[in-house]
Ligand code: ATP
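Let's start with one chain on its own, the form predicted on its own, as structure tokens.
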């Protein structure tokens, strides 16, 4: 990603924010002044403004002062919801709905220094100026800050801080850690680093590469809770190119320590390429579809190990459970299979699993696409009430008749209510005319 605003003044960078975001940040800056605090826009959002990339929904703010108190007042001022207050760490978040219906999350943290008592442990914190706060961050390209001020209710910029040459590293494509104990302090920085490298075409400099290798050899990732690792994995699935993140993670040696058995391959690359090149109207992707494509080659045992290791949401657990079945059903989706046969094979699977099948098995793509578009939601002209009116009593026979009638509808044998009623009288025992 090209950095077009390397020397742009901070005022010009802030002007790239949507007007509603500018107004919210102006409110925050005004409140900070009332709290006798200084407010800074920090980290990824500053990096994205430099890169002219669309800002994400999360906005990181550093407060030289009491961040939780400021967050509480800000939530009340802008009609937001205060959440995730951690007074011990001086952090809090404010969630607010924007005019376009999107969710904006403002993460406020008191500027601080951190001390990690052991590798991967949560830090002990103490207040500190913004310059020290930037030093505790992960990479030079994230150690950026713009001072926020409010003048006559309008957002204005103060200084832009770049103490570690993050702007220059963006231009040269260099991923650089800020200090030699960075990965010991927080091993998940390796997972954040590989996401950044994939998204921004960055390469670890020699010192960072050596630290990554040493951290992997020391097994630091195994000291981090599975919940924290899962958070990073989920963020990777929300990247524009999760496949590129996996390719780099494999090259760095990360993958085996977080998802044993998963490895980059040409078959995996081909699946992902089909999703990336899908024409309009093709089944939509998304984080879970990406997860299914990346994990498609794992066997049932490997998938079960992932489900046991990480506290996955229900829909993710269901997808992992269905992936082996996709391998079994794919060869059965032959070109001459009637619609009712396609329905019988594919109905047990979720829409997400079928979307994975569409991109994972090109020979089955046309069939799965037609099923998702047309067949899956097709209903028979008659429902259960209609069948009872025709003389079929509630019970197993009614359910069996409904299923058979839907199959006849899918295969084109039944097209109208009249044809459906005639079909029921012919095929259901005990109905008038059967």
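Residue numbers count along the first chain shown, from 1. Keep in mind that what you see is a predicted model, and the values were worked out from it rather than measured.
Omitted from view is the form predicted in complex with adenosine-5'-triphosphate (ATP), to which the following refers.
Although the partner is absent from this view, residue 255 stays clear of adenosine-5'-triphosphate (ATP) in the predicted bound form, with no non-hydrogen atom inside 4.5 angstroms.
Although the partner is absent here, residue 339 is not a contact residue: none of its heavy atoms lies within 4.5 angstroms of adenosine-5'-triphosphate (ATP) in the predicted bound form. Though the partner is left out of this view, residue 322 does not reach within 4.5 Å of adenosine-5'-triphosphate (ATP) in the predicted bound form, counting heavy atoms only.
When adenosine-5'-triphosphate (ATP) is considered in the predicted bound form, residue 136 lines it closely, a heavy atom lying within 4.5 Å. Exactly one of the stretches 195-203, 247-255, 289-297, 149-157 approaches adenosine-5'-triphosphate (ATP) in the predicted bound form with heavy atoms within 4.5 Å, and it is 195-203. 189 is the sole member of 176, 112, 271, 189 with a non-hydrogen atom within 4.5 Å of adenosine-5'-triphosphate (ATP) in the predicted bound form. Scanning 93, 142, 352, 317 against adenosine-5'-triphosphate (ATP) in the predicted bound form with a 4.5 Å heavy atom cut-off leaves one residue, 142. Taking adenosine-5'-triphosphate (ATP) as positioned in the predicted bound form, the residues of 48-67 that bring a heavy atom within 4.5 Å of it are, in sequence order, 48, 60.
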